[in-house]
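Consider the single chain below, provided in structure tokens and representing the form predicted alone.
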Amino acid sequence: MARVREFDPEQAIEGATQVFWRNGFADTSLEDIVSETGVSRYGLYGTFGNKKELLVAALRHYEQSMSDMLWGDLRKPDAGKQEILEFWHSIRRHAEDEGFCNGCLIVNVAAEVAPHEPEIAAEVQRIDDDHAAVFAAAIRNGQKSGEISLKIDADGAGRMLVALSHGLALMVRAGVKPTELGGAIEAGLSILGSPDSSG
């Protein structure tokens, strides 16, 4: 008879995600995750694989959580300039939450792990490519509606916005107060035109 799983994998990966986010990959042990989740080492290995595979699962879980929280409107087929601006307003509000002092898990992993682990690097690049494409699609919609200049390279601007989000997350992780980053966000968004005009 097959052994019945005695834990909820979704809750387990949420716990593992929090540990990786808080401690980083190198400073997280399987025992840390066992302690956080209450799931045995054998349960974790049997469901998710080794520590690196667990990190990949945590990245995907984190990406989905952030997508549900922040990216929904921006992913709509008709999203345009307003949705881009609203996304960054949401990012600003989210960054002021106490828990955001850990920065962005994807960015943390990109800096710490991706340079040494091709599998992790590929996962980070997949996420970044997806986010850049979402921004680019919204920029093209804004260009079609006349809200964003046709002179802007939508793909290049999409990647720039991803790079801006990475840089800001690293600054928050290093202790910069999110309230001090408003000017940087406004400067980055200035390529789209002033938030108070049709740009």
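In case it trips you up, residue 1 is the first one in the sequence shown, and so on. Small disclaimer: the values here were computed from a predicted structure and weren't measured.
Just so you know, the form predicted together with another copy of the chain exists too; it's not on screen, but the next bit is about it.
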72, 137 and 146 each touching another copy of the chain in the predicted complex (heavy atom, 4.5 Å): no
Residue 162, heavy atom within 4.5 angstroms of another copy of the chain in the predicted complex: yes
Proximity of residue 128 to another copy of the chain in the predicted complex, heavy atoms at 4.5 Å: yes
Proximity of residue 167 to another copy of the chain in the predicted complex, heavy atoms at 4.5 Å: yes
Another copy of the chain contact in the predicted complex: residue 89, any heavy atom under 4.5 Å: no
Interface residues of 164-182 toward another copy of the chain, as seen in the predicted complex [heavy atoms, 4.5 Å]: 164, 166, 167, 168, 170, 171, 173, 174, 175, 176, 180, 181
